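Only one chain comes next, encoded as structure tokens, the form predicted on its own.
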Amino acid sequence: MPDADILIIGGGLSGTLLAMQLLRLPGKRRVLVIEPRSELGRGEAYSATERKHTLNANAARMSVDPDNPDDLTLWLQAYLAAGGWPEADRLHLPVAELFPPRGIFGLYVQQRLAEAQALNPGSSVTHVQAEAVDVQPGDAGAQVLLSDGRLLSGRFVVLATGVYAASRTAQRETGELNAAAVDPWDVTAMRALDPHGRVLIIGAGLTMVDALVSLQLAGHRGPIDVLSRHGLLPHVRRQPPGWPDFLAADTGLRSPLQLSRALRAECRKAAERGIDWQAPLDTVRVHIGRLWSQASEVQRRQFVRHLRPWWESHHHRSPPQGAVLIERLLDEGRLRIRAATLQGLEAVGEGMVSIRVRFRGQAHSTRLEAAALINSTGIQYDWRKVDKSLPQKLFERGLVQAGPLALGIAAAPDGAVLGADGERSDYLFSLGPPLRGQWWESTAVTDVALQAKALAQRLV
């Protein structure tokens, strides 16, 4: 007899929302969630303990319930009324417009899971605190080998591994960088740095914003150089008014060039009416999965090569608190944003680190020295480069293949994983960040929540 009906590998947002949706469906089933952390529902993103590390979207955009977009807003209202997060009173904003700390969001996810369990006592979700290191076919489904030597069996196995943060993930090609770098969220480690020393940050996305917040909390007062290939900063997220869904009326748009032209035209219309350009941009989100999945391989490569940096900086926007901090640091002259390509780590010594970069427009490389280095390059989506047992074993066994453009793993539209032979698995499924190549945007809460609901219905 199998240990469970469904084995979920990963107990962060993706795995927890899938477990929650399974509990909400009628019937009885046993679900085991394999997660090395001590708590479910937090994962990489929502394990942050500092209140200054906030979501990059407001409460109205972060519901874990696909059927109730106001779910987080309502939960947060009750949480604030009970005395939680008292600092929110100083922001003087409607609850729907608040950007909650990530730790509080993790608490919200945990509570929704507990409520789903209470409403369905006939089913069970059990946390197995261990790391999954291998998956292999079994007599009636599959078996999962754990880091402590245990072997669990289940009818279905779901890869809900979430993101592999580049700063915290051992990688086959750049492992030495992380060994020399300070974790972007480790405020305690940053307090041990020379408060007046220069800090180099590799990468200019949302992880960089978190790193700046961490440095501020640690009392750092020295210069900071942010280095990224394009030198683009995330735009600040605002609360624009509604805008007509222009893509719903024009389903003929397919190529990145067509989308770019149409979006620019809509943004010009908005500007002429005195409306924030973020209003038309925000309507594109719901169509990204369709546009990406129907695009050709050539069109996808065109998007990644030519438009991706601008899409990332305009779409994955910074919370207002982070944007205010960046503006202040720029005004003080402490922060520089420079377009450069990292070419390697040069040396690491007592209170010193040295790297070699090539600045944009220059033919030769330059050596830079600083008191500390922070790797803020975001997420490693190429599973082939992740130096962890589970993805390596899955590739070795031919149970998975790289997704389009080496983003995550390949899967059918319903989440069934495609093996090395291109055949869909009848027991191995996935959702969330591993399906980046399938849907492009597959990390946001709303994306994961929709996938979790659909996959739960498929498995049941």
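We number the residues from 1 along the sequence you see. Quick caveat, the model's predicted, so the values are computed rather than measured.
There is another form of the same protein, the form predicted in complex with a small molecule; it is not shown, and what comes next is about it.
Judged by heavy atoms within 4.5 Å of the small molecule in the predicted complex, the contact stretch among the candidates 258-266, 159-167, 189-197, 110-118 is 159-167. Contact check for H314, S318 and G322: none of the three has a heavy atom within 4.5 Å of the small molecule in the predicted complex. In the predicted complex, the small molecule lies within 4.5 Å of some heavy atom of P433. Mapping the unseen interface onto this chain, F429 falls outside it, with no heavy atom inside 4.5 Å of the small molecule in the predicted complex. Remark: R37 counts among the residues lining the small molecule in the predicted complex, judged by a heavy atom distance of 4.5 Å or less. Looking at L13, you'd find a heavy atom of it within 4.5 angstroms of the small molecule in the predicted complex. In terms of contact with the small molecule in the predicted complex, the residue from D282, D71, D225, E131 that brings a heavy atom within 4.5 Å is E131.
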